[in-house]
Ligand code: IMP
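In the form predicted alone, a lone chain appears below as structure tokens.
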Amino acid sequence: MRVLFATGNQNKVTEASGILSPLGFVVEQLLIGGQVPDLVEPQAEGIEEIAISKLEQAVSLIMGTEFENEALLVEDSGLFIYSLSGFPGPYSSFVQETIGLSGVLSLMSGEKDRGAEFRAVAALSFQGNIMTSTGICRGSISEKISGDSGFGYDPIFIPEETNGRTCAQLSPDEKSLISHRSFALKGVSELLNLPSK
């Protein structure tokens, strides 16, 4: 079964494909006229609201096109740092673009409580139904940027299960076993309740 992923982030498409392909799904980036659709990111307190809003925008864009009956996927995620009251949370992309990883580490300077979690919400539209699934990966913020794989906040996030390694120091296979995005995407695939092909 084909799933069209409405995202401009090719890393997310690659990661989703790695997670969903073994379950019988073919993940492709949604391109309309060869272009990534421009979805407006609403200012909202929760990532689920953002994911659903972007999914509804994407659904309206494919009405009347050859993609109208395809499964459509949107995913939104954020890094929630406990000592910063959940910041950057739903503003994670904006914060990374403006102050970067080093800026986040500066905010954490001298902080003893480095606990944090990645949260992801996958929202999928198929045959008129919208399904959502949430995934969480708990861990902590590192003292320094480490690793060169992954993307986003991966170089400063240490999952509980990795013996002190950041997500950016994990192989794609290791990361897919524990990542927030993996849990959210697998949850959506289970909601579709389709047998693996």
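All residue numbers are counted from 1 along the displayed sequence. Just so we're clear, the structure is a prediction, and the values are computed from it rather than from any experiment.
Another form exists, predicted in complex with the named molecule; not displayed. Remarks below refer to it.
Across the options 144-152, 57-65, 26-34, 158-166, residues that bring heavy atoms within 4.5 Å of the named molecule in the model of the complex belong to 144-152. The named molecule in the model of the complex is not approached by E70, whose heavy atoms all lie more than 4.5 angstroms from it. By the criterion of a heavy atom within 4.5 Å, S92 is counted among the residues contacting the named molecule in the model of the complex. Using a 4.5 Å cutoff between non-hydrogen atoms, S125 does not count as a contact of the named molecule in the model of the complex.
In the model of the complex, none of the heavy atoms of S83 sits within 4.5 Å of a heavy atom of the named molecule. Taking a 4.5 Å heavy atom cutoff to the named molecule in the model of the complex, the contacting residues in 161-188 are K175, H180, R181.
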